[in-house]
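Just the one chain here, the form predicted alone, laid out as structure tokens.
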Amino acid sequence: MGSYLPSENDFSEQFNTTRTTVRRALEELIREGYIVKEHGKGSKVLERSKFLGLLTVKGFYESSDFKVRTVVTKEPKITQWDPIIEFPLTEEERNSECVYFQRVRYIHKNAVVLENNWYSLHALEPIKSEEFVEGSFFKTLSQEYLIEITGSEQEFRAVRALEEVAKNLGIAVGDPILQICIRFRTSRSGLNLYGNLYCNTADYPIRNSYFL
């Protein structure tokens, strides 16, 4: 950390590519917080704090700086839509039942995120948690169903932990937490993934990134 990268010309020669390609790659590293440009000196590598990349279209595992363990606390089941979902459902979704499941994310022994998930039964059948590829729902969609996440919308609130949330996160009822309501768009027509996340961010800040 704190060292300087080779010049754009040096990178171009080393990797046999154009300066335009090198410049675009460096600009993305700047946006991601890996480097900073210093006038007259070049691109400096930054020391980065660790983050939870909860909101990226890459998914939790691919974007988090931590080794994360996921426990499915409620198995996927067919049910009715929950009114706590903040985003308006499509007509097809309203006329269909949904698949619901719940997970808790751990870093070491610390529960950091309680995540409720829904998607429309008309767009995708229930997938058992034991069938998740490497424990990842996103990886399962990509590798087994050829469904990719194409974007997302979020709403954020500071709330007090209710009893179920507090129990799952190992905190006291009434403790302040971050609630994130999220809708992921996918490459399959009619399939949106809805999430309601409760995050204990006291020790683990969240990064928001959208680079595919």
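C-alpha atoms forming the largest set that superposes within 1.5 Å between two forms make up the rigid core. For clarity, every value in this text was computed on a predicted model and none was experimentally measured. The numbering used is simple: start at 1 and walk along the sequence shown.
If you look for the form predicted in complex with the DNA, you will not find it shown, but the lines that follow are about it.
This chain is drawn without the DNA; in the model of the complex, the residue among Arg157, Arg160, Lys37, Lys167 with a heavy atom within 4.5 Å of it is Lys37. The closest heavy atom approach of Ser43 to the DNA in the model of the complex falls within 4.5 Å. Contact check for Thr20: a heavy atom falls within 4.5 Å of the DNA in the model of the complex. After superposition on the rigid core, displacement of the C-alpha of Leu191 between this form and the one not shown stays below 2 Å.
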